[in-house]
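Given as structure tokens, the chain that follows is alone and in the form predicted on its own.
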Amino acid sequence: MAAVNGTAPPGPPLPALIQTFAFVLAPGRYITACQRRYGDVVTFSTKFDSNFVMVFDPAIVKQVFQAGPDRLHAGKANALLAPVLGDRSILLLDGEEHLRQRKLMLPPFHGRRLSAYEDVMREAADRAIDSWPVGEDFTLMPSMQMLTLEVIMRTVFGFEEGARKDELTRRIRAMLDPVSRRIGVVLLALSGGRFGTRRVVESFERRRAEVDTMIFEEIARRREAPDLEERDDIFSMLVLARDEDGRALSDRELRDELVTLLVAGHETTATGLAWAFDLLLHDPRVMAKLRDGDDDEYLDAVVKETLRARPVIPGVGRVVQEEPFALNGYEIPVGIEINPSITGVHRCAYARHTEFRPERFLEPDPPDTYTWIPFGGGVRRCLGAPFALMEMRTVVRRVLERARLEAAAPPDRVLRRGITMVPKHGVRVIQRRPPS
């Protein structure tokens, strides 16, 4: 890469294959070591991407997030997700197409529409709590996955209990489970997004087709339903949505956005909740303050500090377009991907960053949109962020109201699984008494 001063951002000279396995098997240690050695702008090369630049400093991240959408494309950086999400997913679109679909999808995630989902979240939490054993240890992560999937099925799809909801839930898990494992990411990278062997590809495509069949059937039903305007689920709102030219979303666009909401709003929020309880159950000070205070602001701070200390997604990507992009004294060529590191920023921008201290978010100068970036930033900030934050607050509050959990193991370790950073052992807990 050419730079303003004639040099490229520095980086490790290791072969791409070795760097790939370092990212998959020990990403935290590897990236931290490289940042310490090479600074806040580092060039890497892996089988995911033959040449990309990772950024760790909030001031430099700000340059990336404030760049015009015509200069840096996020959709191209997410191309690896196309086999699952579809190429009409909002995460894979750029420019005017992205802006159009973002405007169509935004209303359900704000204001009165958003608050209408809180009861569903509380009911899902109650069902999860009632299912937990008493007096024996169990793994919390699977319960959080089922809880958040139920919330998505009801708020996004509008499904109540029944065989159709259960069958779609089963098909979704069958499609997602294989590609969410660490080996799934390796195959995804080494096969250019096609998952490796022909047998693996065919198995995934069959499961994806089973999900698509149900979704397209449901799209046809919704288009014929006479009561869509009376429904408050996101699916129905998207069927009714029209852009400035009066155009509706096509069946393919609806399918891809629904799958995107399923993937983005299910596994990530479940992981965030598991981390929240892992951190709380190993921090008596914060737990006591949260239980005794009945303070919504402190609860919000706990959720935000959880996502700072244990970001679910390690980074975001932007691909340089049209002409080289000036970045902190370097000139990044067209076609190169720039990756603001969420984990790196959340480590570098905070004093005593290893401490779990929600008070950071209640101080006169709290973290801003360039030092706290669990949902990305700029025009590509996750539109479901308010939904996820409300769901985490609602579930944490309900669990503390009704259950008495204790840690059954030491603090969990971070493991990269798929595109998320999950608790390695799923957060082992014990419920000491029947829920109230």
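The shown structure was predicted, so the numbers you read here are calculated from the model rather than taken from an experiment. Numbering starts at 1 and follows the sequence shown.
Although it is not shown, the form predicted together with protoporphyrin IX containing FE is what the next lines describe.
In summary, among the residues 379, 59, 26, 33, the only one with a non-hydrogen atom within 4.5 Å of protoporphyrin IX containing FE in the model of the complex is 379. Only one of the listed residues (108, 265, 344, 358) places a non-hydrogen atom within 4.5 angstroms of protoporphyrin IX containing FE in the model of the complex, and that residue is 265. Of the candidate stretches 331 to 339, 307 to 315, 139 to 147, 274 to 282, only 307 to 315 contains residues with a heavy atom within 4.5 Å of protoporphyrin IX containing FE in the model of the complex. Proximity of residue 387 to protoporphyrin IX containing FE in the model of the complex falls within the 4.5 Å heavy atom cutoff. Protoporphyrin IX containing FE in the model of the complex comes within 4.5 Å of a heavy atom belonging to residue 98. For residue 302, no non-hydrogen atom is located within 4.5 Å of protoporphyrin IX containing FE in the model of the complex, even though that partner is not displayed. For residue 375, a non-hydrogen atom is located within 4.5 Å of protoporphyrin IX containing FE in the model of the complex, even though that partner is not displayed. The partner is not shown here, but in the model of the complex the stretch 87 to 101 reaches within 4.5 angstroms of protoporphyrin IX containing FE through a heavy atom at 90, 91, 98.
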